[in-house]
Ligand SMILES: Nc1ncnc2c1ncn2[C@@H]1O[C@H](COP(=O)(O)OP(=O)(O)OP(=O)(O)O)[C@@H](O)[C@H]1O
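What follows is a single chain, given as structure tokens, in the form predicted alone.
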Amino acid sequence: MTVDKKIIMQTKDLTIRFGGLVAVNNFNMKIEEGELIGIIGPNGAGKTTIFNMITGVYVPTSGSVDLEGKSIVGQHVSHITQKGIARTFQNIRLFKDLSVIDNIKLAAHYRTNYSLFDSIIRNKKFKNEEERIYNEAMEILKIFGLEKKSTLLAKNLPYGEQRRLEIARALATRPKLLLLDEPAAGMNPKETNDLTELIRWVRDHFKISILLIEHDMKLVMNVCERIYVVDHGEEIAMGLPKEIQNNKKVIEAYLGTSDEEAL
């Protein structure tokens, strides 16, 4: 007997217009608890725009985004983060002139339990919370093999470690859903292989759902359980990796050809 999993996030008829341009049109998606889902498509297909609507950067023109059955449309980015959606970016957005651990601590401050007054007088409540945040930050850095570099400035980390730090920072908010925007961008083949294993491990260890955008088809096909394909802002296919690889519409969208070996 199959037990239905809880739906973590769902979009219904998600649409956004910029002037006369329809950037995303009636996009429907659902992500269940523990799923690892991919969104792929040619450049300019609307993938990052979908991410921006889910995370509150853009307010959709119409349609809905529900997190655990409740609408988050129109809510501020910080409120959506507090409710359980975290993301990384195609272009790494660390606080590069802050230390590695301070990057993690800043993310963890979404969950602090002291007031502005507590922080001004630096009372026991403030000190206890700061100690908890520090310990949690170090624990996350250990998980990602960055604890020995905790005092380095983020900008002094190698590129691959900056990527790992960005994922670690997102996880410090304790999300239910993690959005990864082209996490393999700029990585060499070894770093990409390591990232593939890391994404699986993060999903299993933190028991979260993951949605990723990625152009590296090897990574997508190896790590994703279901894949949505968008082109010109519309879904043109959804299915298992093997189904997507053999889908003529997908191949034509990428290469303008029906050659089934294209992907």
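Note that residue numbering begins at 1 and tracks the sequence as displayed. Because the structure is predicted, anything quoted here is derived from the model rather than measured.
Below, we turn to the form predicted in complex with the ligand, even though it does not appear here.
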item: Stretch in contact in the predicted bound form with the ligand, which is absent here, among 216-224, 191-199, 64-72, 40-48 (heavy atoms within 4.5 Å); value: 40-48
item: Candidate from T173, S99, Q162, Q90 lying within 4.5 Å of the ligand in the predicted bound form - any heavy atom; value: Q90
item: The unique member of L14, A23, M9, V250 whose heavy atoms fall within 4.5 Å of the ligand in the predicted bound form; value: A23
item: Y58, heavy atom within 4.5 angstroms of the ligand in the predicted bound form; value: yes
item: Proximity of E182 to the ligand in the predicted bound form, heavy atoms at 4.5 Å; value: yes
